[in-house]
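The chain below stands alone, shown as structure tokens; this is the form predicted alone.
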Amino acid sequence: MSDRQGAAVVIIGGGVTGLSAGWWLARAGVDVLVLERGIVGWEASGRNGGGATHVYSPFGLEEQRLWPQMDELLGYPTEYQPYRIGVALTEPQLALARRWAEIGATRGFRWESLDSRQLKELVPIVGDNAIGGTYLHFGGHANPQRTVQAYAWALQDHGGRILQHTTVTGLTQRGGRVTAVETTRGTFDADTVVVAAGPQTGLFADMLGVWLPLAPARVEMIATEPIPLMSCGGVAGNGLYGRQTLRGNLVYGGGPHEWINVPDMAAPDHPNTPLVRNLARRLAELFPGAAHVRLIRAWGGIVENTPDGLPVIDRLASPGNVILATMSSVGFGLSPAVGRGVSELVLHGRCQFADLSALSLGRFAETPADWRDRAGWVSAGAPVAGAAAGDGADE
């Protein structure tokens, strides 16, 4: 595949953000090509807690509107399930759970407070250590692996193309625009380029002379053997995010982050034993009624983190045909809305359904080069608790 070829829109990155944007564009009749260095969804997009409850985001209202429709829109199952329950083991945890619920209320969503008895009725595996919680009549969760497949297949159904095992090596610029994307499988001409490459997005920004501060981190997830299904599988607490799968497995993560450097991301995946033990202990504290259940799997995914924890979704001023889309650890749940927003940046130059000014790249113009050192978000011999537990991997 050495001949020059391309598409109207070339998307760098086959995670949920790139795939969703590609799907929205393809269903609008745009010629789109997604380039992925591995296989789609192989990093955090397919390895996360599956949460879809980000009502605080500029994309939050659209996220909530779209998720109940996604199986029908995509034509493939995502295993989306509505509603979320927050469990508190301490008064500070209860205050935090209520704060998140109140943010939802300010955006028009309903929630209710749960005492320990009500909580036990809804989540039989909580213990006497649970002092109360919240029931959110909004939000939900889905299966990351199923959802990645659904995006990819639906994109292709609409004529979009995906090239896996294709590493982007450079960007050709002429006349203030990126005209082609160089890869290990040839050069692809492009009218517009979307960079949705997770932690690698900063490298492509560097190629364009643009400062995008990102800190990559490895986050761990654990899965248990199945237990009987609960009435609501979306339960979080004790700094953990996750869900019960439709098979009954408990799948949870929650930090702390293991800060790494971009060159280290090619290292083979291996479970971080101290983090797995930490997660297992906190899961047993959250669900004493399932403390006897065996762990059957652990896996890691790499997420990117901006200094303020918010995504960057922006169309650059120069080169003017490039859009950066980096989600700072919350890409999965917001992906239906973000994909639509990115497609509108491509087609119309702006997002028509949400104000994205808070997510602009310009907010980091004065960020110092050594910001990671100042924050303590640096690679070390042991994990460092940087971002708050519960921030990462798309809860």
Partner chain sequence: MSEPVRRESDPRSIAGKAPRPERHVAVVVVGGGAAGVAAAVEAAEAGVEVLLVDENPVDNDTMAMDVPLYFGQRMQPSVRNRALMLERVVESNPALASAYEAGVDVQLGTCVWGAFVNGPTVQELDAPLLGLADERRSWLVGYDRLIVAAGARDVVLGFPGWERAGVMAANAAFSLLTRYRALAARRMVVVGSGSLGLRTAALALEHGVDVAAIVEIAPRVRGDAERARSLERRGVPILTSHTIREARGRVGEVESVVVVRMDDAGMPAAGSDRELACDTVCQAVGLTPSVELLALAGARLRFASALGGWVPELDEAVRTSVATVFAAGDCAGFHDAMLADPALARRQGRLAGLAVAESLGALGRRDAEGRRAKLDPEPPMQPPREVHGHWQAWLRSLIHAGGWEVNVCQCEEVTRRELVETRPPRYLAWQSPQMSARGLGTLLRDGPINQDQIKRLTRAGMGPCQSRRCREQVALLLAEATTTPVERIPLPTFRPPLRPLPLSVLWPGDEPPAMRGDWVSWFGIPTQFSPHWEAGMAMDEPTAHGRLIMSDE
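Since the model is a prediction, treat every value here as computed from it, not as a measurement. Positions refer to the first chain, counted from 1.
The form predicted together with its partner chain exists for this protein as well; it is not shown, and the discussion that follows is about that form.
This chain is displayed alone, yet in the predicted bound form one of Ser113, Thr167, Thr273, Ser231 has a heavy atom within 4.5 Å of its partner chain; that residue is Thr273. This chain lacks the partner; the member of Ile260, Leu212, Ala180, Leu122 within 4.5 angstroms of its partner chain in the predicted bound form by a non-hydrogen atom is Ile260. In plain terms, the part of the chain that comes close to its partner chain in the predicted bound form, with a heavy atom within 4.5 Å, is 284 to 292 out of 191 to 199, 171 to 179, 284 to 292, 113 to 121. Among heavy atoms of Val219, some come within 4.5 Å of its partner chain in the predicted bound form.
Heavy atoms of His137 never reach within 4.5 Å of its partner chain in the predicted bound form, leaving it off the interface. Proximity of Arg47 to its partner chain in the predicted bound form falls within the 4.5 Å heavy atom cutoff. Interface membership of Val87, defined by any non-hydrogen atom within 4.5 Å of its partner chain in the predicted bound form, is ruled out. Contacts to its partner chain in the predicted bound form (heavy atom within 4.5 Å) from stretch 228 to 259: Asn238, Gly239, Leu240, Tyr241, Leu246, Arg247, Asn249, Gly254, Gly255, Pro256, His257, Glu258, Trp259.
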